[in-house]
Structure formats: C-alpha cells, structure tokens
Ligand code: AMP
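There is one chain below, alone, in structure tokens, taken in the form predicted on its own.
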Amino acid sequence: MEKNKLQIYSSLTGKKELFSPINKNFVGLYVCGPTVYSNVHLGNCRTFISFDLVYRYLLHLGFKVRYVRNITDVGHLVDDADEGEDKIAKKARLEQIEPMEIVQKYTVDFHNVMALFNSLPPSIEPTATAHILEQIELIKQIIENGFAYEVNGSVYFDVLKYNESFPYGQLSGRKIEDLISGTRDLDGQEEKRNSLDFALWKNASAEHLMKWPSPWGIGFPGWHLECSAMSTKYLGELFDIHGGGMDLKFPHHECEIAQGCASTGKSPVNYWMHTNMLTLNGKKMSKSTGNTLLPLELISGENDLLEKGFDPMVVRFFMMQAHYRSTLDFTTEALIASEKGFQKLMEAISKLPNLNASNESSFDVKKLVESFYEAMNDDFSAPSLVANLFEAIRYINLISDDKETISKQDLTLLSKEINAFVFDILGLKKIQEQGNGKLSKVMDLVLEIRQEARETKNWSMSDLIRDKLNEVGIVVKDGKDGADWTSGL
C-alpha cells in the first residue's frame, strides 16, 4: 500500500499536491452535508459518493480516518442570503408542523438513499442545532479579534477589515475589488457596514420558529458558521481535507476560511476538494425547467426523462466512470452502457475462484495491480481505476479460455486486489446479494399482491405499497417484464 504516493488536487492552489497528513497515520476529513428541508438530489449523491470513495481508499491505505459530515438543520437562509427566512423553518410553516419534523423526515430520507448507494456512514454526523454553544463561542472569538461587529442583535463578519490581514477570495480566485464592484450600494437602512459582510448571528423576529439566546439577544446562527464550529470541535483548528460540491466554493467555503483565520490566525484546512456538477441529457439540472431527477425516480424508472430505471449499483458504477472534478451527464444510453459494463465486471469476478493456476504467469500481474494504486493515487482517479480493472477482466477471460496463464501466487494476489478495489474501495455490491433469501421470498409475495392491485386498477393500493417500501429503503422498479426491487437494507 503506497501511502507516500497519494496526490490530491487542491482547489486552493489549483494543482495536485503530494498528500502529507498533519498526523502521520490519522486523517481528518470534513464534508459539508445536506440541508435537510427537501429530498436529497442527485448532485448531493454524487458529492457524497465521491467522498465515500475518498474515505474508503484512505482506509484501504491504512490511515485512521475521522470522517465528519454535518447535517444542516438551521441557519440556511433562502437563496443563501443574509436576510429572509430559514429554509427549514419556511418548510415547517408551510406544512404547519414542527421544524424538527422536517429535519427528521429528510434526514431519514438522506440516510436511506445513501444506504441504497452503499455509502459508508461517517465517523461523526453532527447537527447545527446541537452545536449552538460552539458557534456562539466562535463568534465571541472573532469579535474579540476585531473581525466582527454587532448591530441590533445581529453579528456580521467584517470582510474589508479581515482583508487587511488575510486575503479574502483566495479559494475561489476572486479579488476583493471585483467583489465590491459587483455588489449593490448600501441604501442607508442596511445593518451591515459593507455589502460583502456576512452574518455570523441573526436577530430573530418574534414569529421566527428556530431561535436561541445569545450574548447579542435571541437569534440563530449564520449558515457559514456551523461548519467552522463543528470541524474545529471534532478535527481541530487545522485538519487535512475539507470537501463539498463546487457550488459551495464561494461563498460558503471562502467564508469558512475567513472564519478560521479570523478566530485562530491560520487557515483551517490543508486540502480543499470539490466535486463538479451533474447534467441530465446534456442540460443543466433545474427544477424550474423540469430537467431534474430524484435518486428514487432514477432507480424506480418512474420519470419521463430516462427510458428505464437503474439499480443503485449501476448508478454508483456510472458515477465512478467520471472523475469527481469532471462534469457528469446522465443519459439513458450512458447508463445502459454502465449497466453492461457492471455486469461484465461482476461476471469476470465470479470466474476468479474457478481459474486454473499454472506454474507461471504469462503476463505481469504485479504491474497490473500496481496500476490500480497508480490510478487512485492520482487524485482518486476512479475512471482510470475502472479502465485498469477492465484490463484485468480481459486477462481473466483469456485465462478462463486457456489463452493466458497465471501462477497460483499471482492468482491469489490478483483475486485479493480486484475484490478489494471493486467492493471495498469502489463500494460496489453484486446486485443479487442485496437481499437475503427470506427477504426475497417476502418481496415476491408483496410484489405479487401489488401486481394484483395494478391489474384491478387499484392504483392507490399499488402506490401505497410502493411508497411504504420506499420509506424503509426498498425501491420498486416497474418494467416491461413486471416489477423488480432493490434494497439498501
């Protein structure tokens, strides 16, 4: 295992850098988690699956990894502005239920979807509401250091003051002068000293649902603050890797750097990593245009944008065929190609235990295995790894057809490494292993009952069965040849 050869692309420097953890065998990894006010979307899934790959490979290399992924359950304002209503509170008000009911509902949904895609749970999954005290203490420190100010019960980060000591905009590559010229002039009624200043704490109105006492009055924390507070608590003032979608680079991650420097005098993260966007049929995913797809709609096939549903493992495998920093386009044709490739991969792996070993190998097995590590050491290049795995598949099929030979020792090595990279690192599972025997029998009966409901046009019963199964992590896929199912249990 080649720990000392791993290179990571740093969004801060714009180049690949040799990975050197702060503590020799310990890695601190923080990933911005979901804001739980709606169903998790595919873009979220891509980010979390990408960092699941990172987590898995670091573990494979022998590092002890503390993976922290937060849940944003307060403070995320509409349109990510400093004014307006919290997204979760707004959803709760519209549905006339408690905000924590919204949080619970969509947190469970998020976990179910991640289980379907076989993503490992993080080491710690803190929530913003459980760390209000830590956020208040962080604000106090920033004020004490002269980089924030209080106005009418709200606290704002002073970006121009900060920029005198630290470069604001270093992560996104934006210059403070351009940012100032691109914002509106203050109208005299604005609380902030400068248009670039962002909220650390907001004064809450009487009707605001989610609020807490603080030294500045009753209010709630700003969105950017929670990640700084929780990453510091669980990973320290300086940690190794911080990840998220590229849409978070500015302003969220830029503000995190500012908060870290303002409170401790140093940048909080060594390696910033960002995943790229998804497109659907060549176009940007957008709710307003209808060009959008939820994970369960993709899996079940119940959508008008793709021709059929796809197993979660096929979707995960599809995501692995594009580098996390590249745009990924979801199309029926591309997913079908991945489905065929996934089947080919699993068929080859199933041949491994039955291959006949010879006295010697007719090809360089060690070099082939080394190519797996070279791919992943090159900024976690899953597409290169997949290509090298298919080269291994070619040899497996040739050995099976007695056109190549492999020694017993090399066969043991190849089997061990292929299984490790496919199942432990890429995180794939054989589709037929997703349900146990008893569950399969129960599901056969459930699907038979559901089919009878459909044949009698009892659509409400059919939909109820499907929806209840979805709630416990079982996705029903309707196809031309009947219904099938996938379980994240």
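Source: prediction; values computed, not measured. Don't overthink the numbering: it's just position in the shown sequence, from 1.
The form predicted together with the ligand is left out here; the points below concern that form.
With the ligand left out of view, the stretch that reaches within 4.5 Å of it through heavy atoms in the predicted complex is, among 442 to 450, 420 to 428, 45 to 53, 60 to 68, 45 to 53. Proximity of G33 to the ligand in the predicted complex: non-hydrogen atoms within 4.5 Å are present. Put simply, P99 is far from the ligand in the predicted complex: not one heavy atom of it is within 4.5 Å. Put simply, N276 is close to the ligand in the predicted complex: some heavy atom of it is within 4.5 Å. In the predicted complex, the ligand lies farther than 4.5 Å from every heavy atom of K202. Contact with the ligand in the predicted complex, judged by any heavy atom within 4.5 Å, is made by just one of E85, D247, E302, E125: D247. Proximity to the ligand in the predicted complex, defined as a heavy atom within 4.5 Å, holds among M285, I336, L77, L413 only for M285. Shown here is a form in which the CA atoms of S286 and D247 lie at least 3 Å farther apart than they do in the predicted complex.
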